[in-house]
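Only one chain comes next, encoded as structure tokens, the form predicted alone.
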């Protein structure tokens, strides 16, 4: 069962989803950080699947989902520090000492920042896409993800829906798109703060400093071209390409995705 709770974070109430199974011999908990703008709802299928044999937690990062927004834009390191405090709180409550972490797009960057901040706490890392940008790509992405004008006739909502459709295959249920679309709107006029933070965090600088084993899951989405570049930057990294699926793949193939994760997280080093 997925339960929900709030933690008193640095910027106010921090909302998270959690599954705590009844198994007596548990693996390290798995914490999952979502893309921007969205929320931990994108991991609901993974929470149910991976929660069969380990504690699984999917927070809403500050300013997204049901988590309180900061009063000013914050950086990826600040997102990571907020997640670090939540992990410490739950570690004391649920009695664990190490965690595995997984992040999706912006969350994939938060994973790297957290792994560097807390190298003893973080055991293994999964990135769903590894956004290693060229300077030219950053110029393009920053332009594309500027704050959008709020139109009186609601045209900005139509445009946001049409933009969402670009990145989902036909096999993804429209109910999943509707859920993710609604969640992406929760950030309101500050929803672009997540992208702003992501574009300020240069993985080319930070990935070479990572010492933990890293798995890159590379769906056929808008970062499929950038993700393989990470392999040359990390000592212990491998990649799994999911060529026939884009966004929404977790909901379409939760059991298969669970197999991919367990093959990495539960393997002997």
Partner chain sequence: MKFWRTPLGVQRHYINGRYGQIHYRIAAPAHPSAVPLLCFHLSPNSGRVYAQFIAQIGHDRIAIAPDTPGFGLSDAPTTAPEISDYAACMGEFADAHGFTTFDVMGYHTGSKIALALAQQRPAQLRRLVLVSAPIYTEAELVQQYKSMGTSEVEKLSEDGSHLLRLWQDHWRWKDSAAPASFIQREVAEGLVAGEQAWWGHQAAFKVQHALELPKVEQPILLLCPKDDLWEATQRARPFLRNGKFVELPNYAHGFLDVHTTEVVDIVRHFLDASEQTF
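Positions refer to the first chain, counted from 1. No experiment lies behind these values; they were computed from the predicted model shown.
Keep in mind the form predicted together with its partner chain is missing from the figure; the text below concerns it.
Engineer: So if I measure heavy atom distances to its partner chain in the predicted bound form, which of the stretches 60-68, 46-54, 215-223, 27-35 falls within 4.5 Å?
Structural biologist: Heavy-atom contact with the partner occurs in 60-68.
Engineer: Does every residue of 245, 249 and 256 put a non-hydrogen atom within 4.5 angstroms of its partner chain in the predicted bound form?
Structural biologist: Answer is no for this spot.
Engineer: Could you check which residue among 185, 91, 116, 121 gets a heavy atom within 4.5 Å of its partner chain in the predicted bound form?
Structural biologist: None of the others qualify; the residue that does is 185.
Engineer: Given that its partner chain is left out here, which of 167, 96, 161, 141 has a heavy atom within 4.5 Å of it in the predicted bound form?
Structural biologist: Flagged contact: 161.
Engineer: Tell me, yes or no, whether residue 6 is in contact with its partner chain in the predicted bound form, where a contact means a heavy atom of each within 4.5 Å.
Structural biologist: Looking in the predicted bound form, residue contacts with its partner chain include residue 6, since a heavy atom lies within 4.5 Å.
Engineer: I'd like to know whether residue 134 contacts its partner chain in the predicted bound form, with contact meaning heavy atoms within 4.5 angstroms.
Structural biologist: The answer is no: residue 134 has no heavy atom within 4.5 Å of its partner chain.
Engineer: Look up in the predicted bound form whether residue 190 has a non-hydrogen atom within 4.5 angstroms of its partner chain, and give yes or no.
Structural biologist: Contact with its partner chain, yes.
Engineer: Mark residue 146 yes when one of its heavy atoms lies within 4.5 Å of a heavy atom of its partner chain in the predicted bound form, and no otherwise.
Structural biologist: No, residue 146 stays farther than 4.5 Å from its partner chain in the predicted bound form.
Engineer: Where, within 149-180, is there a heavy atom within 4.5 Å of its partner chain in the predicted bound form? Residue list please.
Structural biologist: Counting only heavy atoms within 4.5 Å of its partner chain in the predicted bound form, the contacting residues of 149-180 are 150, 151, 152, 153, 154, 155, 156, 157, 158, 161, 162, 165, 174, 175, 178.
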